[in-house]
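Before any questions on how it binds or moves, here is one chain, the form predicted alone, in structure tokens.
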């Protein structure tokens, strides 16, 4: 399948696409996108204000049909971030409404969408190659200014086909989710996946338990969510029950806490499958639909992807399910580099052609992966030990008094780093010292003694980004 959206283009779509209450048949979506695509001829790069709307879906599909590079812009971008992204990427125009007058000044031309999104135009095929850039996705900028990730069409195709294989995804499936439409999870996997395979899509707008339940009652068979959404579903048994009829529940973007995994299994009858990827690699590993999911493990490499673990000296790390190493990836899903950043691009690859993800992981003998987290914040080096923050976090979340937590390593003159746990407690904390002592002892009873937190801080909430990931750089 050379075209990115063969089922859509060939008229093989079996279900409508619904985004926040607006529904188009596959034929109507193709017609509306084709009408916009005609106006993009000869362009190189276009920006889309990627709200959770049908306008975003039509605009992105139009860009892909026209063979231009699509820049999805988060609708909640701050002024400084927006200026940087637009100055760095220099899009020639906005497809659909721009987020602000200032944004239009950076890319002065606007291509307006049809007033009637169901209006049809004949699709005219545009010659493309697998190596052409399909998307420019900007990183979150946690380690500096956001970088533009250049994603070729062959990476999009390979990533989606890998998941179609892993999850037995077919045109009979209807995917439901409430994820943002400016990143890999919500847009590429969550919108282009159904369009590529010919299945249906129900974007519920805000990802709440009641809306997921309603989608299930209307026939959705697959559900995507991030841990924040799944945690809320687990706390709403009256809505979780509706998901029993689904085929597959998928979690991504961050580790799903073990207690949430277990509670969802009780309420829905499903073991949630997890997957791992990042903007630069799209999708890397996934728990297969025909495998038995294990809490805390994100699966095996999808078809066409290879992974390996290396220590700080570049040596192999054993695949024993315990040893932690730097995760490196190669395969068709890997990006082409960073826009305007040859230095950062060169630093991202090893001399023998593997991409350095910046994540640390364990790999079991059967190939299953457990992601420890970012090397910069989730790998704690304390007293000569290499400790994964995720393992401690999962353990703490198993305690009845812990609602949320984040574990970091802070500088320590004796240990190098000391383990500090930031805890959002369930209920009022009448005696913080006593509860801290109890939680420390609990970790010590479940894990090795050197993995116990040296300090516990109780907080009202944890800093998170739009995908629900905890921003550990803000803790300390």
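The model shown is predicted, which means the values in this text are computed figures rather than measured ones. Positions refer to the first chain, counted from 1. Each form is matched to the other, and the largest set of C-alpha atoms that superpose within 1.5 Å is called the rigid core.
Although it is not shown, the form predicted together with a small molecule is what the next lines describe.
- The listed set 395, 326, 348, 279 contains one residue whose heavy atoms approach the small molecule in the model of the complex to within 4.5 Å, identified as 279.
- A heavy atom within 4.5 Å of the small molecule in the model of the complex is found for exactly one of 124, 244, 217, 381: 381.
- Segments offered: 163-171, 252-260, 329-337, 300-308. Contacting the small molecule in the model of the complex at heavy atom distances within 4.5 Å is 252-260.
- For the marked spot (73, 100 and 341), a heavy atom within 4.5 Å of the small molecule in the model of the complex is absent from each of the three residues.
- Taking the partner from elsewhere, residue 386 is found to have a heavy atom lying within 4.5 Å of the small molecule in the model of the complex.
- Using a 4.5 angstroms limit between non-hydrogen atoms, residue 139 touches the small molecule in the model of the complex.
- Using a 4.5 angstroms limit between non-hydrogen atoms, residue 391 is distant from the small molecule in the model of the complex.
- Within 4.5 Å of some heavy atom of the small molecule in the model of the complex lies at least one heavy atom of residue 275.
- Annotation for residue 381: C-alpha shift of 2 angstroms or more between this form and the one not shown, rigid core superposed.
- In the core-superposed comparison between this form and the one not shown, residue 450 has its Cα shifted by at least 2 Å.
- Here's the thing about residue 256 and residue 417: their CA atoms end up at least 3 Å closer in the model of the complex than they are in this form.
- Between residue 276 and residue 380, the C-alpha separation shrinks by 3 Å or more in the model of the complex, relative to the conformation displayed.
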